[in-house]
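A single chain comes next, written as structure tokens; it is the form predicted alone.
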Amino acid sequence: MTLRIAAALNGDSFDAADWISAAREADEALLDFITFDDAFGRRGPDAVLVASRVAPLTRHVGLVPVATTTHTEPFHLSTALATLDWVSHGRAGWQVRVSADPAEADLLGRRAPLGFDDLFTEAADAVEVVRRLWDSWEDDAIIKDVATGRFVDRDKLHYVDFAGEHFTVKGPSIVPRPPQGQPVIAALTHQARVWERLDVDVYFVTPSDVDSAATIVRQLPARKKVFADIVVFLDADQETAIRRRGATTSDAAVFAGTPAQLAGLIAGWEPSGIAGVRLRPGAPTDLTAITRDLVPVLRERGLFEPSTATTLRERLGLPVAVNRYSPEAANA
């Protein structure tokens, strides 16, 4: 069994060339996807906009930006992410994040910070609303009938009619249904009370070893895709990598060593049932080491084979997203 390989991009550069260079590096190595880190109150460009900027300049790699649900309207999220899916030709995803930081709440001044339960109740509702809005246009809603002057079939646009504790959304969306139908939704989770509340397609988890990875995988529904996060410092010799790692700590396992040693670690984790690994470069140069040094080793050992799938959803082995408002769904 081969694993899916992803990389996490994190930075505060406002120079588009920096992001384009990193995305192309991952694209040319045929990684399955990259994530773009973000937080509501941090310095740096908006992750969804960065992903949209690099989308036309890449051809293979999936693009999964972080977007918070705590201070963001789900209607706006749905349109931005649907647009990303259109400009990337079906390679978009979304990493859901919540914000419990009082300083981030103060930036808007709209309300006091929410507690854990309310944060994830709101996030779960936001995911549901975004999914409904993506489905609010049936796939064949656009007709472009010049003879009659009709652009869309209004009978194939649907009100989502969501009323929850934190917001009410009627819809439909102002963007047609994305190419994937439902772009891939992911979340970083450290504990059961998160994944029990947040129903997404991909979970990023932070095991310390193969046994803890297997324990996490067993707790999640079989249809979900689980990616293990590893912070990596890669060099030609282990001593240099260890020196660069220094006192680095993380929520995820921190690896310092050679590409061959990391390939051995990944091979050791494969039996746990994970779908893949998301590698977090310890420094910008480590992304290059991942794409140019590690990937060839993984391919040689049969641990990674680039997918020929054109959409991220298909590449990850997720089921076809049937539109909930379509006749097919009604008759299912």
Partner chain sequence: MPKQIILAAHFPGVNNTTVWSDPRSGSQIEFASFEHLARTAERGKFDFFFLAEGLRLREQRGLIHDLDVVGRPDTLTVLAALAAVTTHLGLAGTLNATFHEPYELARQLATLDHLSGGRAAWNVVTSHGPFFGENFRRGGFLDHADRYTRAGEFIEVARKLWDSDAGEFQHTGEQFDIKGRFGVPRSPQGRPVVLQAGDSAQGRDLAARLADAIFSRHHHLEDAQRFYRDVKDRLPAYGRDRDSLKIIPGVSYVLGDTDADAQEKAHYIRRQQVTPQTAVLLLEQLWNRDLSSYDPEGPLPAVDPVLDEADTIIKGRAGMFPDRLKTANEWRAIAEAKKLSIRDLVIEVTGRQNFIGTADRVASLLDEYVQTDACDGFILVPHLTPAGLDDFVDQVVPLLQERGVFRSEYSASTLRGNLGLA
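As the structure is a computational prediction, the values presented were derived from the model and not from experiment. Numbering follows the first chain given and starts at 1.
Heads up, the form predicted together with its partner chain isn't pictured, but that's what we're talking about next.
*Asks:* Exactly one residue in Leu220, Leu198, Val175, Ala253 has a non-hydrogen atom within 4.5 Å of its partner chain in the predicted bound form; which is it?
*Replies:* Exactly one listed residue reaches within 4.5 Å, namely Val175.
*Asks:* Picking from 260-268, 287-295, 273-281, 39-47, which part of the chain touches its partner chain in the predicted bound form when contact means heavy atoms within 4.5 Å?
*Replies:* Stretch 39-47 is the one.
*Asks:* Though only this chain appears here, would Val210 touch its partner chain in the predicted bound form if you measure heavy atom gaps against 4.5 Å?
*Replies:* Val210 lies outside the contact set for its partner chain.
*Asks:* Please check if Ala247 has a heavy atom lying within 4.5 Å of any heavy atom of its partner chain in the predicted bound form.
*Replies:* Heavy-atom contact with its partner chain at 4.5 Å: absent for Ala247.
*Asks:* Would Val194 count as a contact of its partner chain in the predicted bound form, using a 4.5 angstroms cut-off between non-hydrogen atoms?
*Replies:* Heavy-atom contact with its partner chain at 4.5 Å: absent for Val194.
*Asks:* Evaluate Ala16 for contact with its partner chain in the predicted bound form, applying a 4.5 angstroms cut-off between non-hydrogen atoms, and reply yes or no.
*Replies:* It does: once its partner chain is placed as it appears in the predicted bound form, Ala16 has a heavy atom within 4.5 Å of it.
*Asks:* Scan 114-137 and note down the residues that get a heavy atom within 4.5 Å of its partner chain in the predicted bound form; none is a fine answer too.
*Replies:* If the 4.5 Å heavy-atom criterion is applied to its partner chain in the predicted bound form, 114-137 yields Glu122, Trp137.
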